[in-house]
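Read the single chain below, which is given as structure tokens and is the form predicted on its own.
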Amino acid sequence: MTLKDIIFNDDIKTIMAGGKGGVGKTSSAGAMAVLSARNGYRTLVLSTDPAHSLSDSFDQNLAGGEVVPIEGIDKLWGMEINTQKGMQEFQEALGSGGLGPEASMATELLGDVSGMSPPGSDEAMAFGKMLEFLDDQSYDRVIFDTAPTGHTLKLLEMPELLDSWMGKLITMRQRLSSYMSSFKALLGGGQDEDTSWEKLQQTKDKIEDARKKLSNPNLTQFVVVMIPEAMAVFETQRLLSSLGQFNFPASNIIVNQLIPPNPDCAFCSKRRTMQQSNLVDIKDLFNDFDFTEVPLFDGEIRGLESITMLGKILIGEDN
């Protein structure tokens, strides 16, 4: 399946772009998003990278933590996830009722529960936004510009880690509920209606549902972005190994920043020879993948015009 097949596939609801830092993930995610929107899909492009650059790519401020329309193109929206804002909202919700009517008792027994946070807070908040938008019927497709490999690997672990964390939270909630019910019965008090248990269980169910969707190749595809250099090859191997471990579908690799022929520049020619040698090794090493080769641009990929040009290269419409 080519990159064009993925982008123009009605069934693909989620596309993730990932790889080593500085290889062009954001530009690639933006280009795929533009292609998707121009093909008629209501598309949202999200950055989960704490060091956001999606605003720079589109030359538009997307840093407010809210979904905004991308200027100059219909059916395309963008957002840079504000993990600090998300964590603050999570802790406030937890402290004000995430444990149900027993929250005050939990504070007495455990201290300030508003300080509780799930493992890997940045990645957890990013995954929380993924949960929010995976089922959002406002969009036909969501494209994620992920953080560099290390952060992305933590993000991929989130369904399993959060599932375990939510299980522990539910267990604590059960114990507190049982304790409070006995205490109220002793005092002759009635039972207060409580829906917090259901909310916790619903969140746990959402995490499990997201795990299934993200591992379904008919719904989700992870597109690896790399450059033809040794360190990027090692990072790509590590990323693909983890993608396989967590059952994330990946069948496409974008090899970016390829230097074009220039016989009048000795430095350029030497760099090109090195890249071409690495490219042969890359294709041999990852021979099960479909490759898209992207040349090095003579300037920044910034703004809709250059992103559109990159998109045409990604689907083979511009050489």
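Sequential numbering from 1, following the sequence displayed. Given the structure is predicted, the values throughout are model-derived calculations rather than measurements.
Absent from the display: the form predicted in complex with a small molecule. The rest refers to it.
Peer 1: Among 22, 256 and 297, does every residue place a heavy atom within 4.5 Å of the small molecule in the model of the complex?
Peer 2: Checked in the model of the complex: all three residues contact the small molecule.
Peer 1: Just give me the single entry in 53, 251, 276, 39 that has a non-hydrogen atom within 4.5 angstroms of the small molecule in the model of the complex.
Peer 2: If I apply the 4.5 Å criterion carefully, the residue I get is 53.
Peer 1: Among the candidate stretches 25-33, 66-74, 278-286, 259-267, which one is within 4.5 Å of the small molecule in the model of the complex when only heavy atoms are counted?
Peer 2: Within 4.5 Å of the partner lies stretch 25-33.
Peer 1: Would you check, heavy atoms only and a 4.5 Å threshold, whether residue 12 touches the small molecule in the model of the complex?
Peer 2: No.
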